[in-house]
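Taking the form predicted alone, here's one chain by itself in structure tokens.
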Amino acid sequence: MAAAEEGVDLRKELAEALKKSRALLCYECGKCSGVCPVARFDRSFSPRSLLVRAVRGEDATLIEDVNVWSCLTCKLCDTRCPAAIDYGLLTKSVRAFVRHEGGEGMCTHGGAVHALTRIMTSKELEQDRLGWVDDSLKISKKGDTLFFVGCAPYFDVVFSETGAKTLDSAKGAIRLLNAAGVEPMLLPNERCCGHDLLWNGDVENFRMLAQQNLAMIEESGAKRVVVSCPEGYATMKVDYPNHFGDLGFEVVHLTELLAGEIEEGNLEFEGDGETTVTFQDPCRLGRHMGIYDAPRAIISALPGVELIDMQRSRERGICCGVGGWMNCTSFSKMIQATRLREAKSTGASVLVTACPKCEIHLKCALKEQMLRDELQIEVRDLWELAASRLA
């Protein structure tokens, strides 16, 4: 979908999305609402209601409805829909239309993250993107593989009060690549991938970010781009080609690359002590991109670490409660508390994540004293955990 400023009729685009998403085949059975994590706590929200109004062309009610921005876009509803409707595609198009018509959601954290990503659209912007890279990390100026860091350097500062250390995740990812014999290139002026802006209807600025990233990757000569962030991976793997065609390079998620190296015997771990962990399936990595086995293969390769899945895992896994920095509400906290209790019920002492936002949101929830005292569970990043056990 191209930006309105380029002469595209977003009402026409929405009509086309209704067809592509199969929304016109809705049975109105309500199964989407029955399984929706938001609808479970917020009775004013219903995926079906949003779909029906979009199909009927009730533009005015869509523009004024705050629930347009309440969807987590986790695609859990897709797993239950008997008509195989793509609610993610529909929601993305509805938001682009509503935003163009003057509607806008309530951003979390005062809109700081969205403002930061829009600042990155400036071609004149020069960032200190690699100030965190130390001598323990082996990187190259030229090569076939580029590691796309994502927003970890910014998240590490903005969300430091949650206890999340997203730069430790980025460092761990590079150490794991190094252990697998890869010394990746990094982009010294990398931009945000644009995921959050795209999913919140700001197609124009998403495209500006994407175009700059693509130009820098092309200039680097990379043949393979490795991404650790699930949202960055889905954006580059799916949305970039949808908007710009063939990219000229392969996009690989770090879990798949490392799982392959482990299977071939090229990556070994060590460690003492027994630890029981459970795994939080990121929505973008799991339901959006179908990657479930690779992260589990990495965890299972760690000596002394026992993995026990939650009752709702893989395609049934529950979102961390916030999508695109748009809908952090009391209902989000209820979703997070439910998920953390489910993790604790496995007997695990550690909840492993593979997404910086999952880490941020779940650690934020554990800042609540009562919940922290009740659960006594640690949230830990997969890359940091695995890197700490490298042989």
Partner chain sequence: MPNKDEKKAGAPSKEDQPAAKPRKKKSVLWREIPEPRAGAARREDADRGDGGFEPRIVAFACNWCSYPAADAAGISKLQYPPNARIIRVMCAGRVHPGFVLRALELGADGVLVSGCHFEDCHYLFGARRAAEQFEKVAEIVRMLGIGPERVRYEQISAAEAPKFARVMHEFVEEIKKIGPSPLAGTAEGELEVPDAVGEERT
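Residue numbers count along the first chain shown, from 1. It should be emphasised that the depicted structure is a prediction, and the values quoted were computed from it without experimental measurement.
Beyond what is shown, the protein has a form predicted together with the partner chain; the following relates to that form.
- For residue 127, a non-hydrogen atom is located within 4.5 Å of the partner chain in the predicted bound form, even though that partner is not displayed.
- Taking the partner from the other structure, the partner chain in the predicted bound form has no heavy atom within 4.5 Å of any heavy atom of residue 277.
- The closest heavy atom approach of residue 296 to the partner chain in the predicted bound form falls outside 4.5 Å.
- At the 4.5 Å threshold, heavy atoms of residue 221 stay clear of the partner chain in the predicted bound form, well away from it.
- Contact check for 158, 211 and 243: all three have a heavy atom within 4.5 Å of the partner chain in the predicted bound form.
- Distance criterion of 4.5 Å from any heavy atom to the partner chain in the predicted bound form singles out 92 from the list 92, 195, 99, 253.
- Stretch 78-86 is the contacting one of 78-86, 260-268, 142-150, 303-311, since its residues have non-hydrogen atoms within 4.5 Å of the partner chain in the predicted bound form.
- Residues of 358-391 that come within 4.5 Å of the partner chain in the predicted bound form, judged by any heavy atom, do not exist; none qualify.
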